[in-house]
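Presented below, as structure tokens, is a lone chain in the form predicted on its own.
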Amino acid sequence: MRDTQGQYNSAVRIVKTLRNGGFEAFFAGGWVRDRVMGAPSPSDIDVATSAAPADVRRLFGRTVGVGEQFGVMLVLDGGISFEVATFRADVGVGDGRHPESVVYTDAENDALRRDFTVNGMFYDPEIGEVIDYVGGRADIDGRLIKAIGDPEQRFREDYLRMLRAVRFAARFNFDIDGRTLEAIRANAHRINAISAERIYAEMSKMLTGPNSNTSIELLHGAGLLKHLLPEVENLRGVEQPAQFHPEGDVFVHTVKALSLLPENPSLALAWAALLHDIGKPATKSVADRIRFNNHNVVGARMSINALKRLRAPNALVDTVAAMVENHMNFMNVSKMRLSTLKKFLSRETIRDELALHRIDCLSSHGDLENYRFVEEKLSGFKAEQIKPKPFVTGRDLIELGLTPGPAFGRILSAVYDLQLEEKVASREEALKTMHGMLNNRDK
């Protein structure tokens, strides 16, 4: 757990050290916003100062020049790192991520180059006063995300700010200012000028943060979703059978599923909730009723492509794809053989998959019978019953004279299934069963 008091005390020491050195210094950014809002979990504390990077390095023992060319240093105090940035004004628009150059300036001009008014305030910790050059407090009171100055200019400086506007609006349940939203719509097609890694990181924050459902609706309304994840945008208007999906089309279902995510969901669960039905448009057929045969399999392949396009970590890609492909198997759990059920329950992601199944049901037909069945089995079985250590191994087959080959796997799998079925209860019984299989094989 974060030591917020220790963090605060360290940040105050940094401010005092800078001031004792003859420089201005304030808290800046998200921490100030959260304090004004009375947020229960304030952000990390950043410091803004008139001290240049060389001055910061001189005043503090442990520093790292993480963005020194842009006036940004890390100062380490009490085991915590703090971003200490020189008041600056950006000159020119560079690559849509960084300015062509920066010039050092004063606090007011530094505030005017920041992204949104709610993030543009400073705080003086020595007198407990908020310094607001941009109208941030008024926009917090008005529940509004508004770009500072010309929104077109703010977004040209860094197109990722368009996603940040959506994330903040969803997180705080604020509206996006009209001019700011118009500028996002006008520049939405430029979002892919941003690196895929940065987009993935911002999307992950949206999906695991508060009101992820709202963020997806806002991404659509701002014209961004079709450029980021056309697979999700294409869910709009795809009708579903009303008896199973009274909530509406696949996009409505997906948004509703996101609204039911638990607080602080895992990344895998959040992404799987977003992508679990993206295979439906490609598999839709209408005969006796609307059907989406094998949409889970198609959706798994599409999930891999979408997440790889966003440069997501390979482990997450594999996990989400497996969850998407497996999400329809819950309908069969009560009919599974005991060995099949135990293998199903032994999946490493079973808890996340069960959570996905629950929200999938609650955002559609509402029937939780299979969810309760699996919960009961998970509670009733001990871990060693679900995935016990095999009584016999390949070494046993080799000792019996069998040459390694395809038959190995078939025999070991068959014996292990019997062990899971609790039809063999000991190593001795397993060896006897294996002998019988080998004798029958040789006849």
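Sequential numbering from 1, following the sequence displayed. Only a predicted model underlies this, so the values are computations on that prediction, with no experimental measurement involved.
Note that the form predicted in complex with adenosine-5'-triphosphate isn't included here; everything after this is about it.
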Which one, Lys342, Lys146, Arg358, Arg167, lies within 4.5 Å of adenosine-5'-triphosphate in the model of the complex by heavy atoms? Arg167
I need to confirm a contact call. Of Thr180, Asn119, Asn326, Thr86, which residue comes within 4.5 Å of adenosine-5'-triphosphate in the model of the complex, counting heavy atoms only? Asn119
Tell me which of 107-115, 230-238, 309-317, 281-289 has residues with heavy atoms within 4.5 angstroms of adenosine-5'-triphosphate in the model of the complex? 107-115
Does Gly30 reach adenosine-5'-triphosphate in the model of the complex, with heavy atoms at most 4.5 Å apart? yes
Any of the heavy atoms of Ser43 lying within 4.5 Å of adenosine-5'-triphosphate in the model of the complex? yes
Does adenosine-5'-triphosphate get within 4.5 angstroms of any non-hydrogen atom of Asp352 in the model of the complex? no
Do Asp158 and adenosine-5'-triphosphate share at least one heavy atom pair within 4.5 Å in the model of the complex? yes
